[in-house]
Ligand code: PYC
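Given next, in C-alpha cells, is a single chain: the form predicted on its own.
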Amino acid sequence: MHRIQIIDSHTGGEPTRVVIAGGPDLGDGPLSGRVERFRTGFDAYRSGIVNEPRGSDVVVGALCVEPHEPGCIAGVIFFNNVGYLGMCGHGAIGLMVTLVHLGRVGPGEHRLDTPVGVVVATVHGDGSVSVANVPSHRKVKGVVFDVPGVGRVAGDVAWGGNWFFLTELPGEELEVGNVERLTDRSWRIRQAVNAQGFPEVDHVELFGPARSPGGHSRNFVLCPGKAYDRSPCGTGTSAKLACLAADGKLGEDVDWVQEGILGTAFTGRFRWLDRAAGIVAPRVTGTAHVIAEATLLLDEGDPFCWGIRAVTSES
C-alpha cells in the first residue's frame, strides 16, 4: 500500500494537486534531470495521482521536491493526465497558496526551482500571488495553416513556459456552453500545427473579446491531454504577453487582464529582457483556494492502482 499525502486547490477554477509526501524518490540534481527520471522510471505515480479514479483529465499535479538551485524554497515538477509540463502558472499560484496553508511560507518573494528554470512567486497580503515566469518569446508570427474541418487558420507560435499556438477564430463564442466545439476545433488545429513543422506545440490558445469590465481579452486554452484550462492559463498568458510586446501593442509594466473561459481573470504585465530578440519577463497575478487535504491510497491489488490511463494521441 502506497500512501501519498496531497493538498488540492483551484486557481481560477483550474485544480492543482500538490504532493507533499509519499511521491517517488527522484534523487537530487537539476530539476530537468529529475523530471526525466520521473518520466522514465516512475510514470505510474503520475497516472495514479492525477488520473481516474482518484483524479480526472483536468487535474494538474505538482510534486514538491528539494530544490537544486540556490535560494529556492522548493522544487516542483508539474504533470497532468498524459505527461509533464515545463512550467505551470496556475499550478505555481496553487502551490504557493498551499505552502501558505501549511505555514511554510508567508507574504513576500519566494524562489521556486522548476525544470525550465527558477521562477519567483510573490505572496501578497490579500492572499493573491504573482508569478514572475521564465523568459518568454514569440518564435513565429502569423503562420497560416489549412485545418481540416476548421478552414484556414493564422496564428503565432510562442513560448511562455510551455509551447503555444495562439489564434483567433472569428465567430466562435468563447463560452462554457461551447466547450465541446472549441475542444474539437482546437484539437484539429493542434494536429495541423504539429504536422506542419511545429511538433513542440502542445497547447492551443483561442482568443476573443473580454466580457467583463476592465478585461482585455478572453481565452480558451486546450491543454496537452485534451482537457481545457478552466483558468486563464498562466503560461498561456505569458505567451500572449510576449506576442503583444513583439507587436508593440502593450508597453512595459502595463496591466493586461486576461479572462479565462469561466470568466475568472489573471493580471499580466511584462518587462523587456532583450528587445531585439523579443524576449520578455512576464509576471502573472491570480488567486487560488485550498479545497482539500487527503491521503491517496495506492493498493497494488487494485486493478486501477496506477490510474486509468488517458487515451489520446499523447498516450
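Treat the numbers as computed from the prediction; the structure is a model and nothing was measured. All residue numbers are counted from 1 along the displayed sequence.
What follows is about the form predicted together with the named molecule, which we do not show.
With the site C-alphas superimposed, the ligand pose in the predicted complex sets the named molecule onto this chain such that no atom is closer than 2.4 Å to backbone or C-beta atoms; an open site results. Not one of H216, E259 and T285 is positioned with any heavy atom within 4.5 Å of the named molecule in the predicted complex. Picking from 88-96, 189-197, 106-114, 167-175 the stretch near the named molecule in the predicted complex, with a 4.5 Å limit on heavy atoms, gives 88-96. The partner is absent here; in the predicted complex, the one residue of V131, V204, C233, A239 having a heavy atom within 4.5 Å of the named molecule is C233. The contact residue chosen from C243, V119, C223, V76 relative to the named molecule in the predicted complex is C223, the criterion being a non-hydrogen atom within 4.5 angstroms.
Although the partner is absent from this view, S136 stays clear of the named molecule in the predicted complex, with no non-hydrogen atom inside 4.5 angstroms.
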